[in-house]
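So this first bit is one chain, no partners, the form predicted alone, shown in structure tokens.
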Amino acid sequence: MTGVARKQQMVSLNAASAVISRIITSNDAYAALGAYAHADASMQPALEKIALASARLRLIMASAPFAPPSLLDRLAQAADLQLALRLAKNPSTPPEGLRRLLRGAPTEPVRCLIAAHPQADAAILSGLSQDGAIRVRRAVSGNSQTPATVIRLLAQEDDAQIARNVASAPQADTQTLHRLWATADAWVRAEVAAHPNCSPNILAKAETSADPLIRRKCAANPALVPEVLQRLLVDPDDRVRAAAVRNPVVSGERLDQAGDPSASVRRLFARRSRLSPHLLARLTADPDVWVRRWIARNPDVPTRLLEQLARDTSMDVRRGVARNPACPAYLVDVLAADAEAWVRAGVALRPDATESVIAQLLDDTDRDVLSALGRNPRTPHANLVAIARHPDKDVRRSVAFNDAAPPDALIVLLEDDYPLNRALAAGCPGLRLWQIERFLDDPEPQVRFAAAARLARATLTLEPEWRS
């Protein structure tokens, strides 16, 4: 590192540290929480003390899914019943925090929540699988993280809910599924038939089952061979056929039943890729508007069929063409002048819209069109500034989602009357950090949180723009 670069780094570090110190001095819980995850480790204890200063704040932080896992772990160290319930419900609570809660001999409702928690690891789930409460063991059986050894043990329980959960558990092995198929009811057998680890001989029985639920679950199994799927695609039950169409294994070239009597099945055809030209043509002329809506967005549809769909009587079908990445430029020009604003808004969202199309749409007064232009990186900067000043708060907010939004437009949003717009603007990378710093004093907690988080993130990369 050169001397100049080292000096710039030190200036950035000093300025960043000064802002974190200011957050600490402000004694604001929301700013402290926003800065906590990104601040230097030496400053985190002071921020933690502010964020957890009262019982009310501790309850708020324990419920916040955006709270840093380390802070949630800290709360779990001395959690009462109310805190424990909130922490057990919070999907961001880390495994160590869950273990701390268990060491505190929690109530059955808390144990149930921990058993179902997405962060519960194998050790936690193994312990809870031996819990005396059936509700806790049911929760363990329904957790997708439960290991195969635990699944095998739970499969021996005489409980219908556990059997169903085990049959759909990702880690259930072939032997366990075989046992469940032989001993359980139709609902459990249906889950077995849908499992990727299901054996071929069970799948053969499921395919010809008299129960349409079992056939439907079988049709969704990604382990099916193409020949079985082809037979299920002509099943008399439309729900079975729909499951077969949704199966990711089925090839688009094999889907030839464009004349399926069920519109719900044909809608699924329209959403598939690599369909045959014959099927694309049939679906383009389908009497069901939802079929045409889906096929209008299919990038495999050739231009001649897109032309047909662009003249459809349904506004939503024409919008589908406007959103289709394969729509040719001359059709985009036509749809930009559509009588329906919803269609024009679809064109305004296109990242490949030409300058002439953008210029044409900028004369539009419809809020949906202007909101779409606010999000489009091809919209000229001067127009983004104007959109940021629009009377409608939702139109103004669109600019905050535009990665190409200039600082001039974002500064306008920082002065917005609507707190959410200010909060979103405060988190945008297009602003100078000194411009965001003053929003640490904003009257709205969400704005202070967003500003502190943006400023603290900059300390990790030592952005050289602190005072530029």
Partner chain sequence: MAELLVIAGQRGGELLMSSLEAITAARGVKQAGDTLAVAIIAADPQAYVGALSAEGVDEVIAIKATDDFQPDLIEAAIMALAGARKPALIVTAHGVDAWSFAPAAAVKLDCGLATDVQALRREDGELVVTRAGYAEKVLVDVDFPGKQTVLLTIRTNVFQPASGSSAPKVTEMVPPTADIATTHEGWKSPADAGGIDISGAEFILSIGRGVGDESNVEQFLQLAGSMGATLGCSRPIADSGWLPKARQVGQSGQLAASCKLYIAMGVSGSVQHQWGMKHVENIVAVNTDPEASIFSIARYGIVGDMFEIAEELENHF
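Worth saying up front: this structure is predicted, and the values here are computed from it rather than measured. Positions refer to the first chain, counted from 1.
Separately, the form predicted together with the partner chain exists; it is not shown, and the next lines address it.
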**Prompt:** Are all three residues Leu349, Arg375 and Asp394 in contact with the partner chain in the predicted complex, where contact means a non-hydrogen atom within 4.5 Å?
**Reply:** yes
**Asked** So which of Arg99, Lys89, Lys205, Arg282 reaches within 4.5 angstroms of the partner chain in the predicted complex, heavy atom to heavy atom?
**Response** Lys89
**Asked** Though the partner chain is not shown, can you say which of Arg231, His390, Arg246, His178 has a heavy atom within 4.5 Å of it in the predicted complex?
**Response** Arg246
**Prompt:** Are any of the heavy atoms in Tyr418 no more than 4.5 Å from a heavy atom of the partner chain in the predicted complex?
**Reply:** yes
**Request:** Give a yes/no on whether Asp368 approaches the partner chain to within 4.5 Å in the predicted complex, heavy atoms considered.
**Result:** yes
**Request:** Would you please decide whether Arg272 lies within 4.5 angstroms of the partner chain in the predicted complex, comparing each non-hydrogen atom pair?
**Result:** no
**Prompt:** Is Phe66 one of the residues lying within 4.5 Å of the partner chain in the predicted complex, judged by heavy atom distances?
**Reply:** no
**Prompt:** the partner chain isn't shown here, but in the predicted complex, which of 126-134, 357-365, 380-388, 213-221 has heavy atoms within 4.5 Å of it?
**Reply:** 213-221
**Request:** Output the sequence-ordered list of residues from 430-447 with at least one heavy atom within 4.5 Å of the partner chain in the predicted complex.
**Result:** none
